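Heads up, the chain below is alone and in the form predicted on its own; it's given as C-alpha cells.
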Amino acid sequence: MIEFSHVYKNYDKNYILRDLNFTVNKGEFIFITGPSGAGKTTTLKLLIAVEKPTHGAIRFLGTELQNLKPRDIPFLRRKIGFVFQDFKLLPNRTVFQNVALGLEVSGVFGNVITKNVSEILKSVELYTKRDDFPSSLSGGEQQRVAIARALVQNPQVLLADEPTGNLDENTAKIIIDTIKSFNNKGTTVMLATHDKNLISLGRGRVIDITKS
C-alpha cells in the first residue's frame, strides 16, 4: 500500500532522512519512531506531498508521489487523513463546523454533511458537544475532534503526528483506543511518536526511521 524506497530528504544540505526504506500493508497500525529531529514529521509530510524527497521513491497505492503534478495533490489528500499534534481547530467554528470543513472543501454539502459529521462525532463520543466551540473542550476532546475531522471523509490512511504529546497518560490511552477502533475497521494508521509507553498501548508494528 505504501512504500518508501531509498528516500533521502535534506534542507540546506542538511540531511533529515537518509536511505529510508519501509513498506506498509493495508490495515496495519504502524508507529514511526526515532529521536527528536530524526525526521518523523517529515516522513508524514512526504506522504501527503507537503514535501518532496530529495532522492528516492515514495509509492502510495501504486502512485509515485514524487512525480505528482500539483493539480493531483488534492485527490491524494482525500485518501489520507492527517491529525496534527497541536489540533489546528478553528476557534470561531463549532465542533460540528470544524469537522465539516474538509467535506465542504471537497464540494460536499447539505444532508450528506449532516449525516457524515453526525456519524463520526458519535463514533468519537462527541455528538453532544457538536455545538460547542473548541475553547470549551478539554485537550483530549479537542484531539478527538481533530481525529473526527481527519476521518470524516473515510480516508484509506490516517496519519497522526505525536497525537498525544500534550496529554496526560489516561487521556492518551483514550486517544489511542479511539484511533485503534478505526484501525480495527480497516483504516491503515501511521502514528509518529517517541513515546515508548504510547507504543505499548497501541501494540502496532514499530518502524524506527533511524534504522530502516
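As the structure is a computational prediction, the values presented were derived from the model and not from experiment. The first residue of the sequence shown is number 1, and the count goes up from there.
Note that the form predicted together with a small molecule isn't included here; everything after this is about it.
Only one of 141-149, 66-74, 35-43, 171-179 lies within 4.5 Å of the small molecule in the model of the complex by heavy atoms, and it is 35-43.
The small molecule is not shown here, and in the model of the complex it never comes within 4.5 Å of any heavy atom of residue 198.
Contact annotation for residue 16: at least one heavy atom lies within 4.5 Å of the small molecule in the model of the complex.
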